[in-house]
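In structure tokens, one chain follows: the form predicted alone.
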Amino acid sequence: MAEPPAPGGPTEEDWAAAVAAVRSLPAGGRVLLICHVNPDGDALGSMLGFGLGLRRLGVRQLQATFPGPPEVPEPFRALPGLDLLVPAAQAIADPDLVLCFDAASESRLGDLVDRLDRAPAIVLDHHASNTRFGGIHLVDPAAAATSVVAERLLTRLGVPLDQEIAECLYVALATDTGSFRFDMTTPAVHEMAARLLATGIRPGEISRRIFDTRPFGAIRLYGEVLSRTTLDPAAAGGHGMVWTYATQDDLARHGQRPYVLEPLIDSVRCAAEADVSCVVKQTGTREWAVSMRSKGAVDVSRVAVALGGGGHRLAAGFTGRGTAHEVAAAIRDELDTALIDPEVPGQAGV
């Protein structure tokens, strides 16, 4: 029996169109997989897991890529399927099919966005703020990770799970659910994890590699950045905001790459006095990548969209400009408009 579509999620027509687009590839058809800039575990895991699934279907002209520097963060350098990756400058210029993973808007695809005009494009995503770019939309805001959508499409294509596909999808699922701690961790998420584990992958080894291994320099960096954390208890209508920032000089001083800062938000968000947490990470002169989290009183995706980004109700981000303190002030100014009223239908939901 076909599963009913989630509210706002893909319809049966959407799934059928995606399956048809893959199955109608010509012999020797060229497929390009793209995920967002500065890819995280869900972006890389979903893309590579699906790419390995396409290989099982017999697709041979196949590349995976993402915009920006072609650097895979250290925790993900043991993922199966990394041989599919090519730098963006070497990506197929005229593919027969494009699949985008975990990107809420075209802006997240950088210079690779032009590929969407050259071939049918399937967009796999789970961000409520997705702008519905591309041609075929497999966007499910109720999914805990893009890997959930990727696994559903693999199933509809008749691709059985093996250990390599499963490891990629498991890394994606585990990272976007915070090791199965976040609110989006539903019974269906655990059922999917069980299917992936049944292939024989080793969750303990994967978790140590992804979550519990950091360079010593990163630990020293964390200590310095956390020491400048600021608490603003009056922000967000009195629900509070806690935030900190990291500069490019901080990274250079400790000999670290930008990706080591990604887990830092988890240390900041545990402050009991604040609903909203933010980490502001310098990416250029007066430019910052901002990660935001909420414990439930604030819809941070509204803040992110207002400031040019996107995301989910409890996790979102955007690119800020100015000084770190100016970026934090812009966030604070938007928080009151993003308060969630549990009495308003739909606001308290996912």
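Don't overthink the numbering: it's just position in the shown sequence, from 1. Everything numeric here is computed off the predicted structure, so don't read it as measured data.
Beyond what is shown, the protein has a form predicted together with a small molecule; the following relates to that form.
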| property | result |
| --- | --- |
| Location of the small molecule contact in the model of the complex, chosen stretch of 27 to 35, 50 to 58, 318 to 326, 66 to 74 [non-hydrogen atom, 4.5 Å] | 318 to 326 |
| Contacting member of E262, E106, D183, E164, with respect to the small molecule in the model of the complex [4.5 Å, heavy atom] | E262 |
| Listed residue (H239, R115, H127, H137) with a non-hydrogen atom within 4.5 angstroms of the small molecule in the model of the complex | H127 |
| Partner contact for G41 in the model of the complex: the small molecule, 4.5 angstroms, heavy atom | no |
| S291: touches the small molecule in the model of the complex, heavy atom cutoff 4.5 angstroms | yes |
